[in-house]
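Below you will find one chain, with nothing else, as structure tokens; this is the form predicted alone, and questions on how it binds or moves follow later.
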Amino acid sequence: MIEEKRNNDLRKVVWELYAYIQDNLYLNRPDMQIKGREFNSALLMSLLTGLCEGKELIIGEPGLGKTTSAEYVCALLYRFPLGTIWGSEVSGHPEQTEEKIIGRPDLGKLNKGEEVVVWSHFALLPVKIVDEINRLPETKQSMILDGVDRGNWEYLNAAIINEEYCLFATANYQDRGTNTIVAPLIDRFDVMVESKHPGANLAYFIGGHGSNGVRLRSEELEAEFHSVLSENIPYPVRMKRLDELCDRFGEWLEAQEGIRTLSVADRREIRSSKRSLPFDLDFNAFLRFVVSELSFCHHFGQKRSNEACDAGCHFTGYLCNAVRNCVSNRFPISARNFSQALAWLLGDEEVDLEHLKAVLPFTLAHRTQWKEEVVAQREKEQRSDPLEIYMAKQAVKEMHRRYMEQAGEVKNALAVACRIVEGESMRPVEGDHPIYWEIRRDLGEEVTEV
């Protein structure tokens, strides 16, 4: 009872932060509905990213709030003044260097023969923002691969590992100054969202009132944050002192703006509660169903981006025939993590199909490489989302329809497979979908005929 009350109180704080950002800082239109509630997808996914230590790619036209929305979420979820966040952001451009992103030698100590690293604020802070990441040349994107993936930052012979961190990156649409985000980097993002135009009326209001981000600034505290970040002290000591400053900024926000924020302990408690939420049977079955369609290939054993399917394959009607690449193992991790976070936020006792359907398009949009002919069929269709997200939403609808037609058989096939593994003498369930073939493969059967 006490734990439930505590969870409800933390949930209320997050809802208040969502409302505060939406009403005062990042004006927007709702563009998605989950269990009868309307949300703005960019703001919702950003909040979930911060809560579950995720990584988000925000795309959109210049000047539509991609970077500022991430800054507001980071400031309020993690209790950092905007000025401190601005000082830690990394700008994507061709001349960016490892020294500006991660760290540099302490030249004074180096002259004395000591190898000491001065870590960048970007590497030190638990909230990380890379602005216009697709302006980094492909050769320089590898500099942040390990840090983005694990929070592990290395320079010279020194290293720090962020105990808590989330990352936001923004990207404008392709132009002459942008580069392709390499596949290993883009796969490390849990979700991709678009920061959309708010509409003529809200844009007019924004133009008349300007930014209210000044509400999230305290020059006095920002100076103290800068002082601690610039000191040459052990990383754990520095982080403890930063936590104390974050608590002070949280108290300042509550006194000045009347808004409650989350402490380090609160965020850990939320993540612990989120991880304890169970997945129901349909969640488990549908996620496997989705992964099978995006990784299966009857002819070559699995999808590979350098191998093309035969035109006459029996599985032409499934997504395995529409995509070029194999979905990575990071995808189900992202889908489970964000579904649990959404279920926690909505106050549900288990993670179900509706939570999964809501997050799937955003976890798939950037990871799916569609065949050219499939893109050509879809790109002129009427839509309100960018093509990547639109196609991911249509794919999820298509797979969900197929799943609902045979949900009972799929769950039965998985149950029978478990019983076979436990020693019962049974035949695997056969069916006309990649999931049945994957089950038979896992049970050691040769499946060569269609």
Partner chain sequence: MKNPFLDFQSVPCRKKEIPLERIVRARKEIMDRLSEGYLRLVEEEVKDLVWLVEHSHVVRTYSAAVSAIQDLQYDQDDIEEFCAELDNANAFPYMISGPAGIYLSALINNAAEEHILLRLSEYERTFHFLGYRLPEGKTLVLQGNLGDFIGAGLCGGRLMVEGTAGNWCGAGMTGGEILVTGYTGQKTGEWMRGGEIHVDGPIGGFGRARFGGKIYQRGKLVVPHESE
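Keep in mind the model is a prediction, meaning the values are calculated, not measured. Numbering follows the first chain given and starts at 1.
Although it is not shown, the form predicted together with the partner chain is what the next lines describe.
Comment: 281 to 289 is the region of 281 to 289, 364 to 372, 77 to 85, 299 to 307 lying near the partner chain in the predicted complex, near meaning a non-hydrogen atom within 4.5 Å. When the partner chain is considered in the predicted complex, only one residue from 417, 32, 64, 387 comes within 4.5 Å through any heavy atom, namely 417. Using a 4.5 angstroms limit between non-hydrogen atoms, residue 19 is distant from the partner chain in the predicted complex. Under a 4.5 angstroms non-hydrogen atom cutoff, the partner chain in the predicted complex lacks residue 53 among its neighbouring residues. Taking the partner from elsewhere, residue 393 is found to have every heavy atom lying beyond 4.5 Å of the partner chain in the predicted complex. At the 4.5 Å threshold, heavy atoms of residue 411 reach the partner chain in the predicted complex.
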